[in-house]
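One chain follows as structure tokens, the form predicted alone.
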Amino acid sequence: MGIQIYIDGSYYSKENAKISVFDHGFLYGDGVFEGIRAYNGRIFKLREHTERLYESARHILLQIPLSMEELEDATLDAVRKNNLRDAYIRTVVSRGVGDLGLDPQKCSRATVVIIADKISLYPQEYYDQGLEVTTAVTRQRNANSMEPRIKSLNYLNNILVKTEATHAGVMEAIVLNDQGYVVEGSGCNVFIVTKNGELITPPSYLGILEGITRNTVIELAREIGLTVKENPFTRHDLYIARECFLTGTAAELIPVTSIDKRIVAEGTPGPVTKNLQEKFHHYTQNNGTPVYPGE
């Protein structure tokens, strides 16, 4: 049996899971979402992801028709329904069915979709050997026009960045803001290790989506004694970094070994990156909300 997808309290097969063409999530990208992981029968940072979803919804005046506890229960149930222990979960809340106009008041009730499946963003060899990336011509959307902390269904800017990566023959691209500072990837956060051994990541005020995996890695790095700073840096700092890696719910923690054809240090994942990969893997395997009662 294929995956079962939750839509507004009922489950449907992949072939029968449908929403209306008048749903404003489809028509206008009017909605919010979260990507969540389950590891070893536990959902990782479920409460943090749920809180961020509700914060995004609150910002755009979108009423989620479930309490946070009800949505968390539905998320756990969707993983159980598909008999998964390791999973990628996509929770989507759209404005719901309306008419062809923009007015969100014409949408009487939000649509809630939960998809629990598996994902492999990059082949294992890239986690072992590192990614080649490029820097994108597409710039980050200005934070004055779109609040970056809203994880909305309008992902066109991110798609354009990913398209640039594909056309450049690599699997990821790094985005700059309109001031030339590094902000993030197409769907991930960026870290570098400097010549002084400091771990640096762009601060949220530059217009990044502050990732939950990002924040977990910062915590783990500090626990092992690394100096972590949230400071602005430029493409030049990428080129001279001793190490570079990306983090995200789907990507997890993946090394970068080449940027715009410039080899990062020795061209292999560095010791800080490998140490944090190991720490992150151990942490995710042993923390989270249990999916199956009694575990």
Ligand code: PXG
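Here the structure is a predicted model, which is why all the values come from computation and not from measurement. Numbering starts at 1 and follows the sequence shown.
A second form of this protein, the form predicted in complex with the named molecule, is not displayed here; the remarks below concern that form.
This chain is drawn without the named molecule; in the predicted complex, the residue among 130, 211, 96, 202 with a heavy atom within 4.5 Å of it is 211.
This chain appears without its partner; in the predicted complex, the one residue of 111, 177, 135, 158 with a heavy atom within 4.5 Å of the named molecule is 158. Although the partner is absent from this view, residue 242 stays clear of the named molecule in the predicted complex, with no non-hydrogen atom inside 4.5 angstroms.
The named molecule in the predicted complex comes within 4.5 Å of a heavy atom belonging to residue 33. Remark: residue 41 does not count among the residues lining the named molecule in the predicted complex, judged by a heavy atom distance of 4.5 Å or less. Contact annotation: residue 248 falls within 4.5 Å of the named molecule in the predicted complex, judged by heavy atom distances.
Comment: 47 to 55 is the region of 47 to 55, 63 to 71, 23 to 31, 264 to 272 lying near the named molecule in the predicted complex, near meaning a non-hydrogen atom within 4.5 Å.
Counting a residue when any of its non-hydrogen atoms is within 4.5 Å of the named molecule in the predicted complex, the hits in 186 to 206 run 186, 187, 188, 189. The distance between the CA atoms of residue 121 and residue 139 is at least 3 Å longer in the predicted complex than in the form shown here.
Annotation: residue 121/residue 85 CA-CA distance shorter in the predicted complex than in the displayed model, change of at least 3 Å.
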